[in-house]
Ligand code: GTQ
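The chain below stands alone, shown as structure tokens; this is the form predicted on its own.
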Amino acid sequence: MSQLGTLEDLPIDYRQGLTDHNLVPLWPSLRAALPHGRASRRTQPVLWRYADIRPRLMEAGRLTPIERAERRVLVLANPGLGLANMQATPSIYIGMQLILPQETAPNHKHSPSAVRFVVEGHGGYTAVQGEKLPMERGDLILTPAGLWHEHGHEGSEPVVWMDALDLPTILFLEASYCIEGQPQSVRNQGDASQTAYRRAGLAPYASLDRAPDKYPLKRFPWKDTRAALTDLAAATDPGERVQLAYVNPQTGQECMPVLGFSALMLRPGETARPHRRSSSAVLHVVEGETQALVDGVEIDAGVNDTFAVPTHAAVTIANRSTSRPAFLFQVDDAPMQRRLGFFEEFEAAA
């Protein structure tokens, strides 16, 4: 491998001339931009314990009324990327959002796409384009880019959900913005998960005669996802991964364009050794007690805990219980990488 030249090799007057004309020589920084063999990373394997987040989130509810917050969120920031940058991984934003009884988070739309994964509570809802989507624990709710959405709470206890957005990518592209709107007129009917898309493989007949909707299903109830994982596990050989992707029911493709979402079940005592991937991920424990090894860093994560997996990381995840299954929700940036043409899978973790 040849030794590349450095900035110090160049005469000072030449370097100053480049600077004066907004020019930069590539070769002194080529290996920083294109390292040989493996991507360089600043993202760290990080665990955010819900026991640390929840009391601080509840305190935020006491300190800041919703009118002063608009969205009352604590952001899960990766220290390797800088806390002020609000990134769990380079492309994934994760926050924990609180809404209290009788509060309303006002109607708006924005260029980043978002999902909500409900962590605790009952009685909350999200309205998207006039469709009222109940929020029960473990439900996944889509609020795609450019669609009006607002949140409300008709129950009696706090509701917390996890926000996952492609905000870092949209910010990097200098394309992030928001527009406020008037409260929505909510339709008085069940959402599409209760009416049009009750079972996989079945879709409204009229949808066959028109172009597929980008987002026909915006709520994925956890009770259905959990049941599907349990059924799949019963028909899956030991050692094979029990994982389901959240997809567009009309096309079978990922339900959002930049970030991907899936649910994973670990059978009692099972250890998953997924292939090393070029994509980054964030995993949230829905049920059970798990022990992960992420590039040699041990992470013990229990119910409602969340942890980050850097790109190209070697990962194993074990269910610490020998009698009960564990369930996890995963966010990754594989859809974006696939669309950009550089997604890769490598050898399984040792």
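Just count from 1 along the sequence shown to find any residue number. These figures come from a predicted structure and were not determined experimentally.
Heads up, the form predicted together with ligand GTQ isn't pictured, but that's what we're talking about next.
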message: Using a 4.5 Å heavy atom cut-off, which residue among 272, 81, 242, 165 comes into contact with ligand GTQ in the predicted bound form?
response: 165
- request: Report the residue, out of 193, 97, 280, 87, that has at least one non-hydrogen atom within 4.5 angstroms of ligand GTQ in the predicted bound form.
  value: 97
task: Pick the stretch from 242-250, 196-204, 144-152, 216-224 whose residues have a heavy atom within 4.5 Å of ligand GTQ in the predicted bound form.
output: 144-152
- request: Consider residue 110 of the chain shown here, and say whether it contacts ligand GTQ in the predicted bound form, taking contact as heavy atoms within 4.5 Å.
  value: yes
query: residue 73: heavy atom within 4.5 Å of ligand GTQ in the predicted bound form?
result: yes
